[in-house]
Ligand SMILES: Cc1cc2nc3c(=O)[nH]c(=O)nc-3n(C[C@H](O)[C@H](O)[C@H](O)COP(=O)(O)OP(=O)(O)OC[C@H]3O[C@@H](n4cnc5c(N)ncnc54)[C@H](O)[C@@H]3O)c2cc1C
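Next up: a single chain in C-alpha cells, the form predicted on its own.
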C-alpha cells in the first residue's frame, strides 16, 4: 500500500496514522493508516481507480456524522471530501460538490431567498452523504429537491442520474444499494421570502437546542422510525433514557440519541445500540433499523 500511495502527486493532502476520533461526530474510532484529501472530482476519481486496481481498502467520508468506526486500525485509505466544495448558483438551480457542508448550504440558500433546504439546516453532514442516504427531517428529504446526481460507479464510470433513476426511499437511494460514490449534485429550489425562511430555520434551531443533546458527541437519530411510530417514544417507554454502557448513554433529552457522555469507545456505542434494538424487539416485536453505519467491524 505504501508504494501505491507514494505514486500520488502533490495535489493530494495525505496524512498517515490519524485517529479517526478526530473525523467522526461520535469522537470514536481507531487509527487510519492513511487519510487522503483529493483536491477535485477528477483527483477523487483518479484516486479511487488507483486503489481499486491495487485492491486497497478505502472508505469515502464527508463529515463523519453517520459513521461508527471500530477501535481497530483501519488498514486502508479514508478519502475525505472536504476539498470538493465548489458550488454554482444559477437562479434557483444549485450545483454543488459532494464535500460541501449541508448546514452551510442551507444557510446560504436561505439568505438568497431560496427555499427547500431548510430541513438540512441542522444536519451536520456533507451534501454527498445526505444524498447517498436520502437524509431528511421535518417531513422533507433530499429526494424532494434533487434534480441530478453525478456518481462514480463500481466500474469507475462517471454517470449522471436523474431524480427518477436514484431509487429514493426512506433513508436510502440507489447509491447506498450499489455503493456508488456521489461526486456532485444538482438541486432545484424554490424562490421564497428570505425573512420567513430564516425565521423557520431559527425556530427549528431553537427546538433542536431544547430537544436534542447537542452538547455531547453523537451521530443524530440512531434508528429509523417504524411506519406510523417513533423510535424515540418506543425506547423512552421502555425506561431506557439514561441507560449507559461504558461511556455511552441513551440521552435523557431524546431517547433516539445515543451520546458519548464519558469517553465512550466505539464498542460501548455499538453494544448500547444493539442492546436497545434487542429490548425493543423483545417488547414490541419491532426490529428497529439503525440509521448509522458500522465501519471496520469485520
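Residue numbers count along the first chain shown, from 1. The structure displayed is predicted, hence computed values, not measured ones.
What follows is about the form predicted in complex with this ligand, which we do not show.
Problem - Proximity to this ligand in the predicted bound form (heavy atom, within 4.5 Å), stretch among 177-185, 104-112, 190-198, 156-164 - result: Of the options given, it is 177-185.
Exercise for the section: Evaluate residue 41 for contact with this ligand in the predicted bound form, applying a 4.5 angstroms cut-off between non-hydrogen atoms, and reply yes or no. Expected result: So residue 41 does not count as contacting this ligand.
Exercise for the section: Decide whether residue 67 counts as a contact residue for this ligand in the predicted bound form under a heavy atom distance cut-off of 4.5 Å. Expected result: Residue-level check for residue 67: yes, a contact with this ligand.
Handout entry: Proximity of residue 60 to this ligand in the predicted bound form, heavy atoms at 4.5 Å
Key = Within the cut-off, so yes.
Practice task
Tell me, yes or no, whether residue 81 is in contact with this ligand in the predicted bound form, where a contact means a heavy atom of each within 4.5 Å.
Solution key: Heavy-atom contact with this ligand at 4.5 Å: present for residue 81.
Problem - Partner-contacting position among 169, 87, 93, 214 - heavy atom within 4.5 Å of this ligand in the predicted bound form - result: It is 214.
Practice task
Determine the residues of 107-135 with a heavy atom within 4.5 Å of this ligand in the predicted bound form and present them in sequence order; the list may be empty.
Solution key: Heavy-atom contacts within 4.5 Å come from 122, 123, 124, 125, 126, 128, 129, 130, 132, 133, 135.
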